[in-house]
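Read the single chain below, which is given as structure tokens and is the form predicted alone.
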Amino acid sequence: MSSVVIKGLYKKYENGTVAVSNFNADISPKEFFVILGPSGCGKSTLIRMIAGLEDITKGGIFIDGTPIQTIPPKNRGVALVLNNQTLYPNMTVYENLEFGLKLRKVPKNEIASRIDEVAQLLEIGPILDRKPAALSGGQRCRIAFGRAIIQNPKVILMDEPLANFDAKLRATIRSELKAVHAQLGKTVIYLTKDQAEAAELGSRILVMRNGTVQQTGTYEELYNSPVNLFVAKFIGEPQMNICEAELFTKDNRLWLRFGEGFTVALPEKASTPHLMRYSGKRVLMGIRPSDISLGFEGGDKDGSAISMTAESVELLGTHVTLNLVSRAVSLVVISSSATKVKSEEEVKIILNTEKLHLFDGDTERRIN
């Protein structure tokens, strides 16, 4: 039950590469905190600095208010779980679990007690005498997690532990991790590039790009109120529709012009002095595929209907993905009603202008 505070963390390698820059995070005790970002964004470098496996160029890391950057890795009170779940192949599960404790000269009776607790928690009692070669991928993952929690760390660091598993197994293990975390009450910092993992596991999610923090919040906050174009496009599946647009004023109200001649009226409440300053300027318009409805699902909503051509119709589970292309604009729509649409058919669609996202054309920061 430990807090982790990261202040102004910066990592620059000798070759000049900056892996982490001005990184700040405030992680609460017992929190399952997820750091989400694409490959190469600096996630692993960050977690290695917390674990003490990478030197820090500038900044500080504090656990329960104590700076840890000068403390040796073994004394930091952190445990690291990697994505390859490396287990000692010549040892049984029991021996793998006890190995780290024996190195620290923990008494035998305490080792046995801790292993018994972990075995019950992770439901691995029947496989304690097996060797890694006889374990399934899910079982190996449990053992790797068991080796971490058996040390009774203050903080558990997890570097994409499910990256090498198929989708079905990842979903199963995610549920197990969530349940175990609820029982343990440990602070967890979890790295992933999979937003489904982030959404299910994270009490809060930090989105990372090029070594910097883009936004921190719940999945709903990131999805509904992204602070910039990167977060808007990175969060959500299918990806948010994005196209260039221009704001203009008509009848003391803001409108959007996009593609080759499409126009939609913004809600009256959107005509704020702040947004009015962008009238006549290039912006980027974003709208989620689920925030576009088909014309036969409801009436025109205050000048927000346009007609486009269906390029393709794809059935995905209970919903249908409709790909539309017209007048230099491509839009994806998700709707269970799209089964009525055929390829090459002209389709009337209605944009939910209450859910439009507008970004500065130069900075890509959200402006509405």
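Because the structure is predicted, anything quoted here is derived from the model rather than measured. The first residue of the sequence shown is number 1, and the count goes up from there.
Absent from the display: the form predicted together with ligand ADP. The rest refers to it.
Comparing 33-41, 58-66, 326-334, 307-315 against ligand ADP in the model of the complex, the single stretch with non-hydrogen atoms within 4.5 angstroms of it is 33-41. The listed set Leu358, Ile350, Val347, Ala19 contains one residue whose heavy atoms approach ligand ADP in the model of the complex to within 4.5 Å, identified as Ala19. When ligand ADP is considered in the model of the complex, Tyr10 lies well away from it, no heavy atom lying within 4.5 Å.
Interface residue remark: Thr45 is counted as part of the site for ligand ADP in the model of the complex, having a heavy atom within 4.5 Å.
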